[in-house]
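Listed next as structure tokens is one chain, alone, in the form predicted on its own.
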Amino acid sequence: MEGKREENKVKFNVRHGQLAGMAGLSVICLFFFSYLPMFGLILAVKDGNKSLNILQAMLQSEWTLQNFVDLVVDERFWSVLWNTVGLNLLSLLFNFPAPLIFALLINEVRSKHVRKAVQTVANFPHFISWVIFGGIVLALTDMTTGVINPVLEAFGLSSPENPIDLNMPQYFWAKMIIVTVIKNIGWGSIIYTAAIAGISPEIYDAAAIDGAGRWTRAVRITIPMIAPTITIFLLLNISRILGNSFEQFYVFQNSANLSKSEVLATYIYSTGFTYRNYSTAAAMSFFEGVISVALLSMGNFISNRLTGRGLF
């Protein structure tokens, strides 16, 4: 008996050692790629613009808060900030519920083969890089050779004489919302689908016996049961109101739509690498990080007070 206990104890330790090793590698990657680069934020309070040696600027240049003052008086910064907040609020309105709705609809599909086929098709765009996916979208929405204008002509929204240029500024926000939904709806629904799968079928059977239809079961059972998952994703999306994917916007930008397409991610890049204003770019990045943490903390506090659920 003692020998078996010792053997089980060894297996238990080895198994957990493997898990600890895998988790340790994740922590190491997180440290090198997420936390270590934060050392560069010291440029936000240093005079490092136009510097030829960034490391020397971080260590030896003078301390200053002028970089934050420059942001306040920069009219372009406020325009970029408006684009960022406006686009992300629209994304929160449309892109956040889309995967949830898709997961609820998939859950109602009775055929396993049909459900898997639809999920595979919906997940496929996520695995295409924004550069390739953006190129496909630009080709489809081209004013002369794209296939979108003929579709609009069929609905009377365009004409061969006056085709609509969907790459113009007034259409950029709507195009980005639609493109983001198409690319992320399948992948974003995976967690919701897993959460729905964890609900006991007996609850649905009892509700069906009581006369509840599919809509009633979805609203009264499915959504309340996965409410913790919805809360977590909502809080994470709120914290990213100032954050955008650089590749997503950079691939669609051009000189014509720059007034509507430039967001903080692309503006920080152009400020830091094109104009070599490293300290100003670091100040914008620091501003974005502080606001994101504040939004996450505020949203978590309100969620804990109202629903008793939160990230921490």
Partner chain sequence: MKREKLHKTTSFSISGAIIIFVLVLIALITLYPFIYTLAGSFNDGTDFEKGGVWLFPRVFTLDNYNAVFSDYRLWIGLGNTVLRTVIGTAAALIVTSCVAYAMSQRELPCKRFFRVYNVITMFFSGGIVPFFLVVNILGLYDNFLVYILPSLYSVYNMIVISTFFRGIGQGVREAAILDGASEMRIWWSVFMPMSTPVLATVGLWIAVMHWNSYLPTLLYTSKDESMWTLQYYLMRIIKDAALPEGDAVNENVTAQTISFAAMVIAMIPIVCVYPFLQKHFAKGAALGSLKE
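Positions refer to the first chain, counted from 1. Every value quoted in this text rests on a predicted model; they were computed, and no experiment measured them. Throughout, rigid core stands for the largest set of C-alpha atoms superposing within 1.5 Å between the two forms.
The form predicted in complex with its partner chain is left out here; the points below concern that form.
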Which of 154-162, 114-122, 167-175, 88-96 lines the interface with its partner chain in the predicted bound form (heavy atom within 4.5 Å): 114-122
4.5 Å heavy atom contact, Val147 and its partner chain in the predicted bound form: yes
4.5 angstroms heavy atom contact with its partner chain in the predicted bound form for Phe32: yes
4.5 Å heavy atom contact, Ser26 and its partner chain in the predicted bound form: yes
Glu75: touches its partner chain in the predicted bound form, heavy atom cutoff 4.5 angstroms: no
All of Phe68, Leu234 and Gly308 with a heavy atom within 4.5 Å of its partner chain in the predicted bound form: no
Listed residue (Leu81, Ile241, Ile221, Ile185) with a non-hydrogen atom within 4.5 angstroms of its partner chain in the predicted bound form: Ile185
Contact set, 53-72 vs its partner chain in the predicted bound form - heavy atom within 4.5 angstroms: Ile54, Leu55, Met58
Core fit, then Tyr35 C-alpha moves 2 Å or more between the shown form and the other one: yes
Ser26 C-alpha shift between the shown form and the other one of 2 Å or more, rigid core reference: yes
